[in-house]
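The chain below stands alone and is given as structure tokens, in the form predicted on its own.
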Amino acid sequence: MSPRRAKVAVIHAPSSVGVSVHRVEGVDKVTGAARYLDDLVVPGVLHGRTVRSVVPRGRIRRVTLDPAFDWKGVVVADHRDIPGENVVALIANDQPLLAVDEVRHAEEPILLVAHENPERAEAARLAVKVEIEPLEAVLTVEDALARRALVHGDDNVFKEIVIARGDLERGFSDADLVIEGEYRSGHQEQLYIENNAMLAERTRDGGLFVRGSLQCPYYVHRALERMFALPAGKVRVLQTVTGGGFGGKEEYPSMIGGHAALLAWKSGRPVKIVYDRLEDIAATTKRHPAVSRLRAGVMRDGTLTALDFDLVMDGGAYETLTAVVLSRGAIHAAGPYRWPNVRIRARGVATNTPPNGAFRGFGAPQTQFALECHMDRIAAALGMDAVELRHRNAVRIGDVTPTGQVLKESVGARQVLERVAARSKWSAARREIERANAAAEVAERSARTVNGGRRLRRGLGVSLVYHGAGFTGSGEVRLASLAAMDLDRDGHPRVRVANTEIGQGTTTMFAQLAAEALRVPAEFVRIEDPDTGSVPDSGPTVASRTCMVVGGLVAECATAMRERLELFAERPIKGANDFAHVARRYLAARGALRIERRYRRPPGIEWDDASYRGDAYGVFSYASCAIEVEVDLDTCETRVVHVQTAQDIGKAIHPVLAAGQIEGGTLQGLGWALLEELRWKEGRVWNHQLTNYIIPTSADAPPIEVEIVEIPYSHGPHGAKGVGELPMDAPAPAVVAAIAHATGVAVSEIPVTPERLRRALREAGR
């Protein structure tokens, strides 16, 4: 995150919840009191290691333990030791916990070992010999679609989605221009600060207690039930302090948690598995690579008439979350624009690479990157300003999305674009940049020294995106999230939800929402640890749903609790001391007080899963970015000079935390745009360490000016919508547009590394 403090401007006066209170867990983290999984000391613990495939596809012929190695004290487990089903339960349930007779990707787990000495455990891992007969592997989406070899079914397609509205052919026939383009985006590693880490213990009653670094306790809970054939009451999952997730700890903890649990089940001792950075990058899920082919019709006045969008995402060897990532990508593919005629065809294909999964943005960054790049291509073809084209076509209340959803409220597309254009002084800044670039070129041609002899060019680009808050379609109804609140013995209210604090400020936000309804200070509210033994299933910490959906349930619980206590006291409650006094009297007179609230779909929202028609989300959040870059024409390096962004998130419950989310997501987007290139060799990640997988550091962070635009949503707590994923969507296309402004060359693939930009410049004759 930027070392500079963000300039946070909030449109409209903040309500009482719009206060940047101290973080609930802040003191523990800055003082070192917070205990991460690897900090936990458990007597008798064994350290687990994973034996993995070194080939992308093959048949397992033999697994042998080196007889020259001393196996005393080593626990060994394979698929035959699994008491229940050999599956990592999620959606398709196609991924085994341990390979049986075939491997579908390099780094696939085959066997587990554990020892009380971590060095001996690692030596034991190296002493396992796995003989695999290699088979032809499919490593690219092109090979998957060509059915070069079959990874999944008879066509290598995990999921196909078609979204259509209007008459596409008529839309193209009405167009003055039809513009085509292809855009590519690659893998991206979540690179959370804390690596994957889990600890499992077998309980005295024949169950399991698993804890670790994770986002979704009940995902792991359900997976363990299947693996060990245990009833729900015999499985307990607890989230420990977690050093970041970004989606990478949504589904993968079920895998590593299952491995630790299997070793604990067999040995009868606690087992800890902590990946080092190399294993974490090499083996875990990544952002889905995508290839997007677009054909757009447009009138000469800039009116959009038709969009034909073909999307292919690389799901890797197993489906994991590909279907839902593909779904969100497809729904967002048309961007926040009016397209009267549109067809979106999206496919998620199987390859013999490690499975791809959740990553901040969840498919929307890939498609909106392509669409925004195409909008710039349209603007160039028309000779129209990029902001003007977007403003002319941006959605507003009453417009209809490709799924047929009528946008009824909280539509901030034009507002965020206008704010960014104004604050960046868009038109004047572009003219000044073009004047300076032209002057530099003239000086260089005349052999005059400028910029210290470096050939530097600047550029300014813009983007406009949106992001649906909450699960897609009927997802929230199926989740049926449940939140609870009760009273501690001393009269403090306690929030009980399964949603996790992973650095984004969830616990602080819950405390604020509860405190606002209870009319007490936020620090008076206590938040229960996300422990399936003591909190209800309020759904996963994903999809920009935690504040809007679960926060709303927390606020409802708190309101009902205050009303119950005031009815008991027969008077209003004033402040924390009075609340505690009344609460203790209530507990003494009537016993425990527990309030629960379950998610209810807001009225007027309808969705058909089969046809992909209706209200995909209750509401969308909107963002715009203006990014200025400096390009060195000799080294082809790109430096981001400044970022201006405005984001409509409905209501900032905690303005500083919201701005931090926006800054962090923006910087992550800049890394995806310019630096983060995963390199592969024979189906294995080649650059799986921080010396050669490059992410932006504080030294790379430009000034990021954040403006929070508040257009409230009637069904969000105090008007709040989603903020966590939205900032990831906007930076990459704005960077590509800025590079095009600086160099005259529009690159269609990210990251825009110096090598990739140099090739593009040469191909363009520059």
Partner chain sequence: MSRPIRVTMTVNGRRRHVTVPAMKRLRDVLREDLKLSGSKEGCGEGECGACSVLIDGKSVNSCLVPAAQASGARIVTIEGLARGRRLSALQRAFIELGGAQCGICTPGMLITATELLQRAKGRVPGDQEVREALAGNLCRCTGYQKIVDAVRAAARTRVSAKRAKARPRAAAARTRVSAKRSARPKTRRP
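Computed from a predicted structure; not experimentally measured. Residue numbers count along the first chain shown, from 1.
From this point on, the text means the form predicted together with the partner chain, which you will not see here.
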Contact at L90, P217 and G257 by the partner chain in the predicted complex, all three, heavy atom at most 4.5 Å:
no
Which residue, A436, I695, V128, V582, is the contact with the partner chain in the predicted complex, using a 4.5 Å heavy atom cutoff?
I695
Could you tell me which one of R423, R293, R526, K234 places a heavy atom within 4.5 Å of the partner chain in the predicted complex?
R423
Would you please decide whether G475 lies within 4.5 angstroms of the partner chain in the predicted complex, comparing each non-hydrogen atom pair?
no
Do P655 and the partner chain come within 4.5 Å of each other in the predicted complex, heavy atoms counted?
yes
Does at least one non-hydrogen atom of D39 fall within 4.5 angstroms of the partner chain in the predicted complex?
yes
Consider Q689 of the chain shown here, and say whether it contacts the partner chain in the predicted complex, taking contact as heavy atoms within 4.5 Å.
yes
Proximity to the partner chain in the predicted complex (heavy atom, within 4.5 Å), stretch among 168 to 176, 621 to 629, 297 to 305, 666 to 674
666 to 674
Residues of stretch 19 to 52 in contact with the partner chain in the predicted complex (4.5 Å, non-hydrogen atom)
H22, R23, E25, G26, V27, K29, V30, T31, G32, A34, R35, Y36, D38, D39
